[in-house]
Structure formats: C-alpha cells, structure tokens
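Given next, in structure tokens, is a single chain: the form predicted on its own.
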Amino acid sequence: MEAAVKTNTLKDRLYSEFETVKNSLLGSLQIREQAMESFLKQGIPNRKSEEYKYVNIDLVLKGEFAFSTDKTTTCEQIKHTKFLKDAIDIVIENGVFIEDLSNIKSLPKGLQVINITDASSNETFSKQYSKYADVNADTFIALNTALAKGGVFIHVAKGTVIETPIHIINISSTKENLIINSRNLIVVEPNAQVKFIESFETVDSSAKTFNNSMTEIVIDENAIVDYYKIQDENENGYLINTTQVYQKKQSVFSTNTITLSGSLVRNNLNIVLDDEHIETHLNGLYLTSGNQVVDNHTLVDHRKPNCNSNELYKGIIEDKSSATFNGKIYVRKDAQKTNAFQSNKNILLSDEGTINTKPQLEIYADDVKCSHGTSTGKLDADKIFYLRARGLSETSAKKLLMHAFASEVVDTLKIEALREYVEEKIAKRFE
C-alpha cells in the first residue's frame, strides 16, 4: 500500500506524487511534465470557476488521499458487475487493468486489448496517445495526463466488425480515501464496427474514491462506433469522467450516458467532427436523489461541412439533489451545410431539487440548420388525473409517466440485454 503524502495542500501532494513516480508513468516525460505544469497553473476548481461553479470539487477533496492501492476484489465479488452474458469483459480496478479478472484470452481477429502500461511499443498507440485531449482546456485532463498509471489500449483493425460488445468495467474498491487517474485509448480504423459499454461501479468500498477517468476515442473513415456509459457508484463515489472523441470522414458515432447513482458525477464529453459527412448522436439520462450532484458538459465541434449531430439529454431530479446540463454546439466558418440539434428536458419531483441548464450555439457559418432548446417542469397533473381516472393509483400513474419520460433515451440503447438491465435499474429507482 502506498501511503498518502502529507504536505500543505492537495496541489502540493499531487505534485509530490508526480515527482516521485514520473519516470514510470505513461507517455513521454515531456508530455507529462507539460501536463503537470498546466495542472499547477489551473489548480483545483472551486465555485468561483465558471466551468465548475455548480460542483464543489474543492470540498470533495478535503482530507488525506492515497494515490494507489493493491488489488482486493475477487471474481465472485465482481460477478454482478458483468451484467452482459455475451461480452468481452475488461476489468479495471482502482484505475489498473486486471487481466486475470477479464476475459480477453480469445479475442476476435482484428481486435487488440493491451494493458496501457505495456502499449508504448505499439506504433498506433505511440501516434495517437494524448494527441486529442488538450491539457490546457481542463485541469482534470491535465492531471490525468500527468498522473495516469493504468487503463487499456484497444485497437480495432481496418475492416473489422466486432459483433460481441466490449464491456469496460471500472471498479472502485478501497478501505481508504483514494484518488484514481485511469486512462484509456481506443482507436477504430477505417470501415470497422464496434460496440463499447463502459460501466462504473463500487465493490466492497467503505472510503471515498475520487475517480478522474479519461478516454480518448479515434474513429477513422467510414467506421461505426456505439459507446454506452452506465454510472452506478455508491454514495462514496466521486467521478470526473472525460471522453474525447475525434471523428474522420463518413464515420458514425453514437453515445449514451446513463447516470443512476454516485455522490458526484461530472461528465465532460467533447466530440470533434473533422471531415465531411460525419454523423454523431448524443443521448443522456440522469436520475438524481438525496444530495447527489450530476453535471453534464458536452461540446460538439463541427469543423468541416455536411455533417449532422443530434443531442438529447433528459433528467429526473428529486429530494435535494441537483443536476446541470451545459451543452455547446460549435460550428466553424468552414462547416457549411451543418445540421445540429440539441435538447435538454427535465422533471423536478421536489421543491428542493435544482436543475441548471444552458444549451448553447456558437455559429460562424451562414448556411446551417441549428437549433437548441430546454424545458423543466413537474409531472403533468392532467396526465396523472387521466391515468387515475382509468384505475391507476397516484403512485402508479407517476411511475408510468416517469418511465415514459425516460424511455425516449433508454430506447436508443441498441444492445437488448443492456437495455433490459437499465430498465430494471430505473424501475427499482422509481419504486
């Protein structure tokens, strides 16, 4: 066990940890040193930081934290996290790839799964690693780039069609407060097709885990990628999840982010459409309760003409919980003939719940079709009355309306077993 280093501030402790282990971490030393310099300059965000004003990160990170821990879980303990019978399971515990808990021994032809700590000799990895996520754009990208110790590199070769979903299972399991910096790189070559599920769960953990997770996805020409995220950690789970996607010509990317639990969840989803005839679909559903905080920030960057993006995020907020949706569509000067649509819809189930929503368009081209909108309200009293008049109890009527509201996002899940799993989780929440 590696003990936490006691110095004056968290920035000091993180810098001290970096100096101790910097020669054994991922990527070139120059990139990591530049990343740490950027992190020290940006600092830990607080409520005065515009991008993080609705999440009190500074408060979450009070106290002592360790930066690594030993493997503690067994196959039996994580059995419930492998909720798809037919999947390629990749287990990452506390930010470290655990091969003996994964099933990657008989992979389909054209698919590589490599421990990211062993991937430096791979030519594709060396060309693509840390190329797309800008360390100066966000302090947690910088921190992850500087301190990432584990994760996986996944490579899908040209023309490969992977029928079996790839399930990346992120497990938090610790007896002491822990900061995790996990890093994944996914490269999908031309004309390939693949489906990913990335889930976040807590197993036998009694301490606070702050998981600063980072995934870069490169989608080459004519490739099709579906990417689903299921976030279901316990009340000690604090997750900063950044996904940086780069799309090339005629590629199709669909992503769904389902947030079910976790004390604090911050999702940064950045997608760059850097060629013509690209298609992108973003869907999200967040169900908040208690004092939970969920913060979704999306950026869709249209750089070239003739591309389409569609975005739908929905939230159900109850108790004293709060949620934020901050979505930006950026259309550059050369991105003529862009079609981009964005919508955020929310239901407040209590007077004490909070929703902050800010859809944005930033357009520098003149031949485009772009729109955005947001709505927030309570369950429709007329609809509840209508259902009660047909024999349903008030509770059943409300459950039915909430299920119908959520189903618009859930129905976009293309993997039937995953859709059934999510529907079961949502039904339990509504109970």
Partner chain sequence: MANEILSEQINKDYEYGFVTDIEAENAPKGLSEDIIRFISTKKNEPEWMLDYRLKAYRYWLTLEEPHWAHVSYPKPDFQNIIYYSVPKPKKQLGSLDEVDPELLKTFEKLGISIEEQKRLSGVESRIAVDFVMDSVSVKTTFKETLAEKGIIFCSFGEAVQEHPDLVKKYMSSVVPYTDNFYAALNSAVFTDGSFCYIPKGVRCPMELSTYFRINSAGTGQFERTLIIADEDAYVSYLEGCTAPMRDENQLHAAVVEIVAHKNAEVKYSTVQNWYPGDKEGKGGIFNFVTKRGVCLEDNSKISWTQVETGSAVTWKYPSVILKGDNSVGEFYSVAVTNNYQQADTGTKMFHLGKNTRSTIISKGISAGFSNNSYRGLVRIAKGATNARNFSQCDSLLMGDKCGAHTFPYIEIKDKSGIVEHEATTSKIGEDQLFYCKQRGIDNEKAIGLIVNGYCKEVLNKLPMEFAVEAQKLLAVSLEGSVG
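Keep in mind that what you see is a predicted model, and the values were worked out from it rather than measured. Residue numbers count along the first chain shown, from 1.
Heads up, the form predicted in complex with its partner chain isn't pictured, but that's what we're talking about next.
- The contact residue chosen from A87, L312, L349, L111 relative to its partner chain in the model of the complex is L349, the criterion being a non-hydrogen atom within 4.5 angstroms.
- Of the candidates N236, S173, S289, T357, T357 is the one whose heavy atoms come within 4.5 Å of its partner chain in the model of the complex; the others do not.
- Looking at C75, you'd find every heavy atom of it more than 4.5 angstroms from its partner chain in the model of the complex.
- A residue is said to contact a partner when one of its heavy atoms sits within 4.5 Å of a partner heavy atom; S375 meets this definition for its partner chain in the model of the complex.
- Under a 4.5 angstroms non-hydrogen atom cutoff, its partner chain in the model of the complex lacks P190 among its neighbouring residues.
- Residue contact check for P305: none of its heavy atoms lie within 4.5 Å of its partner chain in the model of the complex.
- Contact with its partner chain in the model of the complex, judged as any non-hydrogen atom within 4.5 angstroms, is confined among 62-70, 34-42, 401-409, 376-384 to 376-384.
- Although its partner chain is not shown here, in the model of the complex the stretch 36-54 places heavy atoms of E50, K53, Y54 within 4.5 Å of it, in sequence order.
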